[in-house]
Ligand SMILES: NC(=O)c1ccc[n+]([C@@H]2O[C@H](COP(=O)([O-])OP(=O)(O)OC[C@H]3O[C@@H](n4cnc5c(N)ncnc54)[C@H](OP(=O)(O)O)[C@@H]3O)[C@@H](O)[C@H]2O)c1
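Presented as C-alpha cells, the chain that follows is alone, the form predicted alone.
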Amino acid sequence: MAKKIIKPASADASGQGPRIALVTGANRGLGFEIARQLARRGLKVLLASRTLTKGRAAAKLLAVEGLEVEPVRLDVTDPDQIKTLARDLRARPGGLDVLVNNAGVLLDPRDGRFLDSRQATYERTLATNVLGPLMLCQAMLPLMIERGYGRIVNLSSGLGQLDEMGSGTPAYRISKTALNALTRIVASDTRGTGVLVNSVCPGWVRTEMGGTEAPRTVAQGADTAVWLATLPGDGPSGGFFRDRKQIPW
C-alpha cells in the first residue's frame, strides 16, 4: 500500500504549483531520504545523481510509495553539467525554490592521521564537498533571488566544527569546515532577498558512509535538513543546526 502523502501549503510564489527542490546525491542514503520526505510534503523533487540509471532506479522505489520525483543527471564536480541544469531550470515554469547540497564523499581512512594524508585526497574531497555546493549556489541563486524565495541547505558534519575540532579524517573535516564558511558567506550576501541559507549536521547516520554501527536512522538524519528546506519566511539564515537546534561552528 502506498504511504499517505503529506500536503501542506507548499505552493510556489505564484500560488500555481508546488515548490521545486533539487537534492544532490539523492539516489541513496540521506539524499534519498531527504527527497522522499520533501516529496511527501508536496514539493516537486528533482532527484539528482551522477548517473541517470541510478536516479531512475531510486525514483522507481519512491513511485512504489506513491511519490513522483524527477531523476536528473548531475555530477556536482562538473561545472558544465551545473550550468546546463541551471539553464534548463530557468526555461521551465517554476524555476527552483530549494537546493539541498547533500552530495559528499569521505575518502580519508577513518583513523587517518594528517601527516599520512595525501594531496589527492584533499583535491577530490574539496571538489565534491565544497566546490560542488559553491558552483551550485552561484548557478541556482539567481533563480531564487528573481522569485524572492529560496532555501539552501548544506549537509555538513560535526566533524567540521572548529568548536570541537580533533584528529582523524583531515580532508573530510576541512571540507565541512569550508562548507560552513560558504554557508555564512552566502547567507550574508542574500540577506533581505527571501533566500535562507543554513548548514545541518545530520548526526551519525546508518548509511553507506556512516556504517552499520551508527545510532541514527536515515529518517532521523534527514529530519533537520527537511525542516530547513521548508522554513517559513521568518526562519533563520546563516546558522548551523542539529536536531532543529542551533549548534556552535
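Numbering starts at 1 and follows the sequence shown. None of these values were measured; they are calculated from a predicted model.
A second form of this protein, the form predicted together with this ligand, is not displayed here; the remarks below concern that form.
Item to complete: Mind telling me which stretch in 37-45, 24-32, 63-71, 187-195 gets its heavy atoms within 4.5 Å of this ligand in the model of the complex?
Response: Single hit among the candidates: 24-32.
Worksheet item: Just one of T77, Q138, T84, T121 has a heavy atom within 4.5 Å of this ligand in the model of the complex. Which one?
Response: Among T77, Q138, T84, T121, a heavy atom within 4.5 Å of this ligand in the model of the complex occurs only for T77.
Worksheet item: Which of I174, L143, V130, A103 has a heavy atom within 4.5 Å of this ligand in the model of the complex?
Response: Of the candidates I174, L143, V130, A103, A103 is the one lying within 4.5 Å of this ligand in the model of the complex.
Worksheet entry | Whether S117, G166 and T169 all lie within 4.5 angstroms of this ligand in the model of the complex by heavy atom | Result no, not one residue of the spot touches this ligand.
Worksheet item: Hey, in the model of the complex, does A57 get a heavy atom within 4.5 angstroms of this ligand?
Response: A57 lies outside the contact set for this ligand.
Discussion item. Within 4.5 Å, heavy atoms only: does A219 come near this ligand in the model of the complex?
Written reply: Result no; A219 lies far from this ligand in the model of the complex.
Item to complete: Examine A181 and determine whether its closest non-hydrogen atom to this ligand in the model of the complex is within 4.5 angstroms.
Response: The answer is no: A181 has no heavy atom within 4.5 Å of this ligand.
Discussion item. So in the model of the complex, is this ligand close enough to L155 to count as touching (4.5 Å, heavy atoms)?
Written reply: Within the cut-off, so yes.
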